[in-house]
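One chain comes next, on its own, written as structure tokens: the form predicted on its own.
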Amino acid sequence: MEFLDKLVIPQSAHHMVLLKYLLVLTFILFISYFSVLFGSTALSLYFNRKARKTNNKTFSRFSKDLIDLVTFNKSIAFGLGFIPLLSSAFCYSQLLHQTQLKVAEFILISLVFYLFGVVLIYVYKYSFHLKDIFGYLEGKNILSTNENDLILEEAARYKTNSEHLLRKSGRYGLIFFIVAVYLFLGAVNLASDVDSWKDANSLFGILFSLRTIIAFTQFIFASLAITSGYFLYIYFRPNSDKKISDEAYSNYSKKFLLTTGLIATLVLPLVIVAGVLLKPVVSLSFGVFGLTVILLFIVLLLANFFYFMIKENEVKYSSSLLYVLVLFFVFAIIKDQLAFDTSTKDQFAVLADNFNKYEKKERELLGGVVEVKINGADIYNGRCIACHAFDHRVVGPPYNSVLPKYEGKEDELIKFILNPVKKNPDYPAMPNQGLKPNEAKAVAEWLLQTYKSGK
């Protein structure tokens, strides 16, 4: 996708830092939302299948509630899914410019799969509701005999079609989601693996990378945990406006979600540690290890929340649980992006240097404006000569008597020039000349060089 390279604009080091912050923000929005969407879809399909096999209304209701949980507003899927994915693709195209990596392209491909998946999941949701509506009509006598028979036949036929569409759309929607998240995680891991940039820039390399498999496994269990926490928060938190009146259904859904959340949080530490051990050595730092420890502590806290709610059979920590789950995603994303930042320092240094060359070239093109080298002699003749000479006193002391103590200590001389203080009672205090740091550096270098050559 060469159009991405054409959209890239050389960035300064400051702007690249801002792009990294933007990348962290987009990941927090996208991965947190997509985890709930993915987990709810997977669990809804699981219970829908169980409902078809057992004809259990509790399973059917649970399946419908799970999918309704995350498909209440189409704009959410656009704002928290499409936009962050597109934004991350352009961030990577800027940050990995000239590396020939296809990270941004892989993310855009995952974006296409994500969009198809969202469309199919909304079809799945509406098919679910239509099936129930036609099933309801099928069991009612609402008109005279002849008309009623005709409507019942129509309702039965549409119910069958809705059930068929329900199975197909849900199944393929989940498959599209799996491909989308797998490609996305593979691309993100490829970006941090500097050692494999030359060899792993292929779809095959991403799909069969052990790091991608571990990252995908972590995503699966994290999505189950946050889906369980989100459902518990929506339906079981104190003062919830969606409290479940059916006690049997309430007890079953609560027990299943608490158990699922506990199992997921017990598995997550193993996956997190495996992910860190598999990271390239060049991407590791004390910060990455520190965030990993914090992450493991958060997972331990989550497991305790789930365990105590199972033990007490009361969902009174649902609000705190959801907040800690969000915190888990925030620290997990910061940890991975810190690893990316650590492993690509050389790449960012190259981009910063390219920006300086680009900036200089643009200045030359815009009227021949070039960077003027600061001349220490000119500053001396314009500012210092009125009060100082090298070999005799004027207003201030001669330089030949002052500069010896600054030999090899240029930084101290620069500090004095920028912020002069009275040192010798035989001379008046030197006024601040209002020089900029680069001007002070230039005149300090010139003074020391002139003094050294005149010895």
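What we label the rigid core is the largest C-alpha set whose atoms superpose within 1.5 Å from one form to the other. What you see is a predicted model, and the numbers here were worked out from it, not measured in a lab. Residue numbers here begin at 1 and follow the sequence given.
A second form of this protein, the form predicted together with a small molecule, is not displayed here; the remarks below concern that form.
Is residue 58 close enough to touch the small molecule in the predicted complex, meaning at least one heavy atom pair within 4.5 Å? Contact with the small molecule, no.
According to a 4.5 angstroms non-hydrogen atom cut-off, is residue 430 in contact with the small molecule in the predicted complex? It does: once the small molecule is placed as it appears in the predicted complex, residue 430 has a heavy atom within 4.5 Å of it.
Under a 4.5 Å heavy atom criterion, is residue 164 part of the interface with the small molecule in the predicted complex? Judged by the heavy-atom cut-off of 4.5 Å, residue 164 is well away from the small molecule in the predicted complex.
Does residue 64 make contact with the small molecule in the predicted complex, using a 4.5 Å heavy atom cut-off? Result no; residue 64 lies far from the small molecule in the predicted complex.
Among 29, 413, 51, 45, which has at least one heavy atom within 4.5 Å of the small molecule in the predicted complex? Looking at the other structure, the residue within range turns out to be 413.
Position in contact with the small molecule when the complex is considered in the predicted complex, options 383, 361, 316, 157, heavy atoms within 4.5 Å: Of 383, 361, 316, 157, the residue with a heavy atom within 4.5 Å of the small molecule in the predicted complex is 383.
Are 226, 254 and 323 jointly within 4.5 Å of the small molecule in the predicted complex, each by at least one heavy atom? Checked in the predicted complex: no contact with the small molecule for any of the three.
Core-aligned, is the CA shift for residue 441 between this form and the one not shown 2 angstroms or more? It does shift by 2 Å or more.
So that I can tell if residue 47 moves, could you say whether its C-alpha shifts by at least 2 Å between this form and the one not shown after the core superposition? The answer is no, as the C-alpha of residue 47 shifts between this form and the one not shown by less than 2 Å after core alignment.
Rigid core superposition, residue 58 Cα moves 2 angstroms or more between this form and the one not shown: Comparing forms between this form and the one not shown, the residue 58 CA shifts below 2 Å.
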